[in-house]
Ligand SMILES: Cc1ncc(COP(=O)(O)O)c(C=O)c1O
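We begin with a single chain expressed as structure tokens, specifically the form predicted alone.
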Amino acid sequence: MVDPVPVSARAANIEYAIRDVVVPATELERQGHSILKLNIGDPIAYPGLPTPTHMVEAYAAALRSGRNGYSPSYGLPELREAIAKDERNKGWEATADDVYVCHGVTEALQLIFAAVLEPNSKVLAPGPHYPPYMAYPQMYGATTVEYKLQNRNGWRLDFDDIEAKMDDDVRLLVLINPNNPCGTVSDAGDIDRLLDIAKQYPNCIVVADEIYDGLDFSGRHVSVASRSQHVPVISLNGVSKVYYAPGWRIGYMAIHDPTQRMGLVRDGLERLLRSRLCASTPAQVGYLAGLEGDRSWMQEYGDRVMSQRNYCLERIANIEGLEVEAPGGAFYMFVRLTDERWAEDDKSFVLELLHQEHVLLVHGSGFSPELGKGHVRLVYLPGVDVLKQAFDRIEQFLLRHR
């Protein structure tokens, strides 16, 4: 037998739970089954939440007019300025030069990790967390350390745990706000306390993943950069979630450097950005239309998403075997499995629910083997009619296996 060509350890060890559970679901669809999908945070996957027309028209007009060439590596100048203006409206003095446009927030993360991390350095990220925060740092010889979110207190930050795990090797302290997968919104007080901790470590940068900032149902959300007077902050955002255009793959990082200590890191980021050419030019034009155009449509979209959130909370409250901490933002909830059969094996719950009831969720342990165990992530973007069917099936599944 011929030996297989070896794969690198960095690739073989990557897991991405959100997409991994799609593999068995796709096989069931091939067999002719219809799957109720509550697994992926893609607004376009669900009817009724289309990308706004004026953004699509701007994208199409760019294509028709021939704006299909490379853009500057850091992004279209007019888009960088529009993003900077948007960040200024959130409370800090951003300039166009502080903004770098990327292939979504995921590429921004890869660039930040490449520019900052060295062997034996650390990323301190919330657990549960968005999977790339665990997957990518190891490519640079670094490790991700999870700090706890309080699963019986609205998934708020556990500051005792953060302080216990901070040291001089932590180069990046991550706050996902609103949080994926839990939907937590950290308020100004929590952010100030986090910044006070980071301030004690001169080489630590706070990464503020704020891609869901326009989906805040709590009224508590504030920009991390707007609160920082000493700690460098890299804000992450983009077109995917709040502007309902995830497939465009346009995100950005904006550097807030209040004490002017980020020159070397900025130079490294710019070198990396130039080496990968640029983000999609016509998609940047579409995002620009979203930033500069009328945003009144956001209220209607937000009202619908919040209504669906409330429906899910009502159903969960009346299903034995499920509990949930009400999310303050984004479009996820992290549901606790209280039935003893499933509380220690959330992945089996997800897979058996998929095969028996054709409802697709994501196992909580995929967001953190320890801190996400015993939970499932549910996306409440589908309409109430779909959510009703899904909860009916989940309830009958729990009853059948009790």
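Numbering starts at 1 and follows the sequence shown. A quick note: this is a predicted structure, and the numbers were derived from the prediction, not measured.
One more form of this protein exists, namely the form predicted in complex with this ligand; it is left out here, but the text below deals with it.
Practice prompt. Using heavy atoms only and a 4.5 Å cut-off, decide whether all three of Y130, S240 and R249 touch this ligand in the predicted bound form.
Written response: Yes, all three are in contact.
>> in the predicted bound form, is there a heavy atom of this ligand that lies within 4.5 Å of any heavy atom of I176, even though the partner is absent here?
In response: Taking the distances in the predicted bound form, the answer for I176 is yes, it comes within 4.5 Å of this ligand.
Notebook entry, point to check: Is T106 close to this ligand in the predicted bound form, meaning a heavy atom pair under 4.5 Å apart or at it?
Noted result: Yes - in the predicted bound form, heavy atoms of T106 and this ligand come within 4.5 Å of each other.
Q.
My question is simply whether I211 lines the interface with this ligand in the predicted bound form - judged by any non-hydrogen atom within 4.5 Å.
A. Heavy-atom contact with this ligand at 4.5 Å: present for I211.
**Message:** Is F113 part of the interface with this ligand in the predicted bound form - any heavy atom within 4.5 Å?
**Reply:** Answer no; every heavy atom of F113 is more than 4.5 Å from this ligand in the predicted bound form.
* From the candidate stretches 320-328, 293-301, 176-184, 258-266, select the single one in contact with this ligand in the predicted bound form, where contact means a heavy atom within 4.5 Å. => Flagged stretch: 176-184.
Just give me the single entry in Y74, Y147, F217, Y332 that has a non-hydrogen atom within 4.5 angstroms of this ligand in the predicted bound form. Checking each option against this ligand in the predicted bound form, the one that comes within 4.5 Å is Y332.
Within 142-167, the residues that have a heavy atom no more than 4.5 Å from this ligand in the predicted bound form:
Residues within 4.5 Å: none.
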